[in-house]
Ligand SMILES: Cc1ncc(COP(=O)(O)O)c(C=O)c1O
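Take a look at this one chain, the form predicted on its own, written out in structure tokens.
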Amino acid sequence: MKIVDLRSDTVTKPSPEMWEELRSLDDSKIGDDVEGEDPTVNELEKKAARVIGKEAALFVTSGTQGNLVSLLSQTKPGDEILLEELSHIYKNEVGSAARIGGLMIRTYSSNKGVPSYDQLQKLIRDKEDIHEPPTTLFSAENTHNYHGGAIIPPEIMRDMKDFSNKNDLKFHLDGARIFNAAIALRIPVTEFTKHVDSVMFCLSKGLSCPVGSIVAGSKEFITNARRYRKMLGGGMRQAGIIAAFGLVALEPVWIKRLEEDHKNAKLLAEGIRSYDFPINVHNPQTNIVLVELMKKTSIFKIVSELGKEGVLSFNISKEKIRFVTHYGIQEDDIELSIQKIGQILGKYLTK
């Protein structure tokens, strides 16, 4: 049976070009990265900083580690930070900001990642009041996973930065899929990142690397982040062996390939929407399709039965199923998925 894995873009495998880059490595291209002596890692970090439009960059093991070192590098224990209520940092990073960073977390609601600034202003603590933890950092997520890969456009990012400046806050961007946003709007990624103090983006999602993420910002920020990466056990030795994939991933032609994922996501959404079921298929802006069930039923059984039919998905909430397109998914995979999804949804939603 053919398997179409739409659980996440983290399941991608490297491209032939990436394997070729790895095969080109020899002893002269790897070294001890903790000592700053791995030429391939150094090359990747310089390339990443240039592409993302920051002074410096750091190769980290994961997006979760990248977000945490970013928070630790710009706060101190006892500070309060503002996180969107459905953000990955708040929901899916095991409370690391609180447990490891000693940070107070205050959440804000949003419209697809975009806050109300009047409401947000009310959450800012008075730094002069010795009874309250000072608010020192504001974070956003772009694209936003739980809002179906929604894009926060650059003009809104600018407003967020203005709000941060007004309140003397650092502004961090969880940009795990920021290149999806740039490709979808057909603008340089720097149009987003120029408005933030720090940014994390994943190499291991849509860019199809087997492991790793990048943190970028000022040189001073990266110096601090490197120390915290070591503290968190992220100091790797001959890491060029895994960093080599990222050199290919950051080539313009490979970033542009994300258009295929967006096209397939739209085809999938249109196909599922064509069925006359009590569902709401969210219009995908990038590579994530959310299907919201409008009739009470067991989403766990639906996801399980889809898996048995070869279509792997993820129940992102009690009412929503997430499908993520990525490298390796072809148009015929989408057609097969639409057929199988129709069969299973019909079984549960037409009773």
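Note that the coordinates shown come from a computational prediction; the quantities given were computed from them, not determined experimentally. Each residue number is its position in the shown sequence, starting from 1.
The same protein has a further form, the form predicted together with this ligand, not shown here; the description that follows concerns it.
Proximity to this ligand in the predicted bound form, taken as a non-hydrogen atom within 4.5 angstroms, holds for one residue of R273, K161, H88, R257, which is H88. The single contact residue among E191, E251, D79, E93, judged by any heavy atom lying within 4.5 Å of this ligand in the predicted bound form, is E93. Exactly one of the stretches 103-111, 147-155, 218-226, 199-207 approaches this ligand in the predicted bound form with heavy atoms within 4.5 Å, and it is 199-207. Shown alone here, S62 lies within 4.5 Å of this ligand in the predicted bound form, counting heavy atoms only. Remark: N67 counts among the residues lining this ligand in the predicted bound form, judged by a heavy atom distance of 4.5 Å or less.
Contact annotation for L268: none of its heavy atoms lies within 4.5 Å of this ligand in the predicted bound form. In the predicted bound form, this ligand sits beyond 4.5 Å of every heavy atom of L71. Contacts to this ligand in the predicted bound form (heavy atom within 4.5 Å) from stretch 143-180: N145, D174, A176, R177.
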